[in-house]
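Next up: a single chain in structure tokens, the form predicted alone.
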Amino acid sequence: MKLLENLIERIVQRTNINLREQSFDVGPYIRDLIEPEKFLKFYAFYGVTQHHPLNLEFVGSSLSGSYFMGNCRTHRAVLYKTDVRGDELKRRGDHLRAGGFDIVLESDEQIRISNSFLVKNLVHNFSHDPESAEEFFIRDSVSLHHANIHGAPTAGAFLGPLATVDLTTVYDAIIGSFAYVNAGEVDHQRVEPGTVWIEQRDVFRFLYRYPPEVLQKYVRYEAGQPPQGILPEFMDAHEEEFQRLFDVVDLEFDGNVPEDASLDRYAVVKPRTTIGRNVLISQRAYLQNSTLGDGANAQENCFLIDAQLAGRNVMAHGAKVIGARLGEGVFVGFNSFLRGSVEAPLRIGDGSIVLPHTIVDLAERVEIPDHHLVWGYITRPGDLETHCMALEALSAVDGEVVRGNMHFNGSGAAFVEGFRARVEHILEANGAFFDGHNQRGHAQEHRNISFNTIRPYLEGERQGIFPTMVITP
């Protein structure tokens, strides 16, 4: 494994150079993080459909257990059980409107990953950075377990476990564990763990930070060790059930999947699960005793257990919903954790928005009314006073609002309309509005994917490294 060891050291050096101003060393976090034999255990795989480009290139990289789709380049990188989805990348001739500019793309956009170490990450969506309109880059970066890199180019970045960078370009910055950032650009900053930061410059700013004792309970980690706490332990408890997906060639779902819905080959579906029309279920999703109404979706790394979704619900990457009833059009953001029970059920009303990285872990029954915004940490009804607000009331805000650890400044109307527009876009892209002829989306186009596998060298100095290859139509 000499070449793999050298590659990891190269990544350490390149990332540390970018983070030298903050005196941060990524080496202890990744050198012994994954047992060497695990780099050989899992094959990498890629998906092919007639609806998406096939243009992949792998050079000098380790890709154990990772998935690729679309227009992706991976050079001198280590990806471990990471999903790289290039099915929404911009195409030549498309227009990118940003900051008052209208940029026409001169070539198809590519995801380019180089000198980076990504562990169980999700990389998805096109970049909104007008300075790199044709390139979604991830270079000289380290990102740990269950982080999301969503339309967010990174250079010289460190992302802690369960962090999310969303539609944000990150340069030479440290994003703490379970932090969510959607702020356009983060440059030479350290974002503290458990921060939820949503900002549109000169328009609005939402900021929330978890109390340290709560964060320690749900997510904590030490250098060189997998993350600990309720959230990673919940996912680890179900990990063995995904193993069968890689061991069996042909799998069949013992149930009905409508012709206009899509159930990914690499999703786990347990008994008593009902799938409605125009539903999208992505790879590594986990469903058990749940109902997905028409137009709902469960994106990558989502868990739905004893849950009912009325329809046209968005479960963003990493969202977990247990013991809950969600009304129509409810949005649940990245890496959120919503857990009710028979003794303490959870109900969320129609059209409500659960912000990314929200934790609702109930000790008592909670009902969230229709069209409300939810954030932070909720365990009982009294917590809603400082962690919930009617969307209509927030839309009337033009100034400052402080509720507990949440601080909001600016235009509440712009904040609410921005989220509503994004939810509508996600539903449209996922095919929730397909009428049998028009408005096709991922639910229809992902239905028939051909999966192909690739393996690394199993011995010699290249052990753990995948052969250099170019895969085109």
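Remember, it's a predicted structure, so these values are computed and weren't measured experimentally. A residue's number is simply how far along the shown sequence it sits, counting from 1.
Another form, the form predicted together with a further copy of the same chain, is not on view; read the next lines as being about it.
Of the residues 49, 409, 405, 439, just one reaches a further copy of the same chain in the predicted complex with a heavy atom at 4.5 Å or closer; this is 49. The listed set 427, 54, 30, 416 contains one residue whose heavy atoms approach a further copy of the same chain in the predicted complex to within 4.5 Å, identified as 54. Taken together, the three residues 452, 460 and 472 all come within 4.5 Å of a further copy of the same chain in the predicted complex, as judged by their closest heavy atom. Contact with a further copy of the same chain, judged by heavy atoms within 4.5 Å in the predicted complex, is confined among 65 to 73, 444 to 452, 31 to 39, 427 to 435 to 444 to 452. In the predicted complex, a further copy of the same chain sits within 4.5 Å of a heavy atom of residue 246.
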